[in-house]
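Shown here is one chain on its own, the form predicted alone, set out as structure tokens.
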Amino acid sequence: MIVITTPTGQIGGRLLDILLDLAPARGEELRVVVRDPEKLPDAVRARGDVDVVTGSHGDAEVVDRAFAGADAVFWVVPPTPRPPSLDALYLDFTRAAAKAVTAHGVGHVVGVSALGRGTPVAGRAGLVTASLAMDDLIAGTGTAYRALACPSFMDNLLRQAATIRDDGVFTDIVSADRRAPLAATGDIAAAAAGLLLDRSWTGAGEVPVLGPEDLSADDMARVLSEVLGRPVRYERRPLDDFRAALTGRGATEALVEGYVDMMRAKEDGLDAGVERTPRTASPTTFRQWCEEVLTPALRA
């Protein structure tokens, strides 16, 4: 039995698609934990071979039911705009799951986390620092644990689809020429699927998912311009504007500063601590992602 949290999310949804194709042939049963089952794709709800546990996977009673009889768990802390602190967002949310992992003897857990462990800025990286502490909490249960150590996601650009389409511009708060790894969420889901289906691994560790190359914002603008056939430029936003935008969307001060500290740490090399090798590189190029994911979104 493989349990998938966030099955309607960016990564969890893609993982569910992969496992629906591969798991039955390997004799694997699937269970998902979801607040609103109506948000699951119609095809999933119609199958009858996916066990659905309704509720928040931050709730002790829910994860106790969900993890009973489970061999492996895919773990993601869902986004929330109003956490009182970063510890509440990552650690407090995960504590009930950690207890359920121990109580039910779950043998393997795969979590979505971040790059940065061991770098000089890891301790002051906001959301990333809290995410790494979450990894330690899960690993401390004694289960075999793999943290998918991820950089920024290509798919984050989908949030700016309207301004890319209408104004030919996208924004961030990093330097235009700073190159860093960038990964597609589909590749992260594929890495998770491989670990969940082949549970021969033991102990605790990280699996970096780095994408095939480092890119700067200027590099991304060039590729976007070529793929879309019209100019697209990058604009760097002041930190104060970034703070104001997050606050205007209802984010708490703790979350706002967590994002700001994370982006500052990325500027200072947070994502540069892992060498890209055939093992750590993921296959989807930014150009391929733009052609296959962004372009259809712009036309929708």
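The numbering used is simple: start at 1 and walk along the sequence shown. Nothing here was measured: the structure is a model prediction, and the numbers come from that model.
Note that the form predicted together with a small molecule isn't included here; everything after this is about it.
Novice: What stretch, of 23-31, 52-60, 235-243, 250-258, brings heavy atoms to within 4.5 Å of the small molecule in the model of the complex?
Specialist: Among the candidates, contact is made by 52-60.
Novice: Would Pro151 show up as a contact with the small molecule in the model of the complex if we use heavy atoms at 4.5 Å?
Specialist: Contact with the small molecule, yes.
Novice: Does the 4.5 Å heavy atom contact test between Phe93 and the small molecule in the model of the complex come out positive?
Specialist: Yes.
Novice: Given that the small molecule is not shown alongside this chain, does Pro79 nevertheless sit within 4.5 Å of it in the model of the complex, heavy atom to heavy atom?
Specialist: Taking the distances in the model of the complex, the answer for Pro79 is yes, it comes within 4.5 Å of the small molecule.
Novice: State yes or no: in the model of the complex, is some non-hydrogen atom of Arg45 no more than 4.5 angstroms from a non-hydrogen atom of the small molecule?
Specialist: Close contact is absent here: in the model of the complex, Arg45 is far from the small molecule, nothing within 4.5 Å, heavy atoms only.
Novice: Mind checking whether each of Ser216, Arg222 and Ser282 has a heavy atom within 4.5 Å of the small molecule in the model of the complex?
Specialist: No: no residue has a heavy atom within 4.5 Å of the partner.
Novice: Within 4.5 Å of the small molecule in the model of the complex, heavy atoms considered, which of Val112, Leu132, Leu86, Val109?
Specialist: None of the others qualify; the residue that does is Val112.
Novice: Just to be sure I understand the contacts: of Thr102, Thr163, Ser175, Asn156, which is the one whose heavy atoms reach within 4.5 angstroms of the small molecule in the model of the complex?
Specialist: After the contact test, the surviving option is Asn156.
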